[in-house]
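What follows is a single chain, given as structure tokens, in the form predicted alone.
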Amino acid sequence: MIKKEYDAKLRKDHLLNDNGEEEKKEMSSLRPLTLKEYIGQDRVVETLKIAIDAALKRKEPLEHILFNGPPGLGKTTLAHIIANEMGTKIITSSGPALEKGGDLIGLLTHMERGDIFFIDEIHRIPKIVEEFLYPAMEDFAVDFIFDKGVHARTHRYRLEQFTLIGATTRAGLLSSPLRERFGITRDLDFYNEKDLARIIKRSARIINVSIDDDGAHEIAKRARGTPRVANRLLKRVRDYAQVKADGLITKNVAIDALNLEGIDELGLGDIDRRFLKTIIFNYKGGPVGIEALSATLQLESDVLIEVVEPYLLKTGFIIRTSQGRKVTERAYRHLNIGNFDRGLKLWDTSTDPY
């Protein structure tokens, strides 16, 4: 089960990012290092500023923090910024990687006072490992059990006070005991076009790309409200501009480059269109369950739920009902497909260019 979930996460990363190591390093270099540099999520940032300042004045570690939101909105970036602002070390892991209690205990026992322990995809932690987190978060201790049966005995190992930062794309899957142990819980929402354009212009300066305001706004408009996607699209447009437009990114250059990438004016890509067309043609517009869509599209259901659906829900192309997913009239109009109320014949996903 753990391997299946880990493979699904790799698939999500593939959909959101380019795969090369150089690309990952370059993306990492675009991350802001302080809250002052961080763009967007104003309420979250203000909350963190107050919490960090208060903790520094008291000379105490921060409370445990939980970030919830779709992939690519800055949860990992915020965790690194918090460690930098607090002047402490950060240790990173992920839910699928913590397969056994010993994996978690090994990390916790090597932490120093005030260190940040960041767990990505925290909702994927196995239950047996999660139970070790309860005393670690609340009492800063872990309990070891020796021997079995009538000879069983326990030993409590005291930990240094640390801050756990959890990131999840599906807060509903977190158990109540774990969720209630976080002192600060914040939801990250999709970015508006203005903030994304600022992020794109900042990234362009870092990677030494010339871009005008209209070019930045055109990329922002198609970035699905997600900084990670915005930076990825910027790099694809950069390549196009260097070959076709003397290196300057204008609105027309951005349009041509992103049309070539299959990204339309609202940010929908190939997988989004396949998702919508499958519901429209194969299931008469819905409702249809996520497992049926997963089987038809040959993609993991977690990928559809965490990567594809959030933006389609946000933009009003689909709705969720108790029976499943339904396509809205807006999707029919956007895809220029027939009449919203008219029955449509079955669509073969293997032969469609999208």
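Quick note: we count residues from 1 along the sequence shown, nothing fancier. From a predicted model like this one, the values you see are computed outputs, not experimental measurements.
Not on display, but discussed next: the form predicted together with a small molecule.
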property: In the model of the complex, residue 231 touching the small molecule (heavy atom, 4.5 Å); result: yes
property: Residue 202 within 4.5 Å of the small molecule in the model of the complex, heavy atoms; result: yes
property: Partner proximity in the model of the complex: residue 227 to the small molecule, non-hydrogen atom cutoff 4.5 Å; result: yes
property: is_contact(residue 191, the small molecule) in the model of the complex, heavy atom dist at most 4.5 Å; result: yes
property: Candidate stretches 58 to 66, 302 to 310, 34 to 42, 287 to 295, one within 4.5 Å of the small molecule in the model of the complex by heavy atom; result: 34 to 42
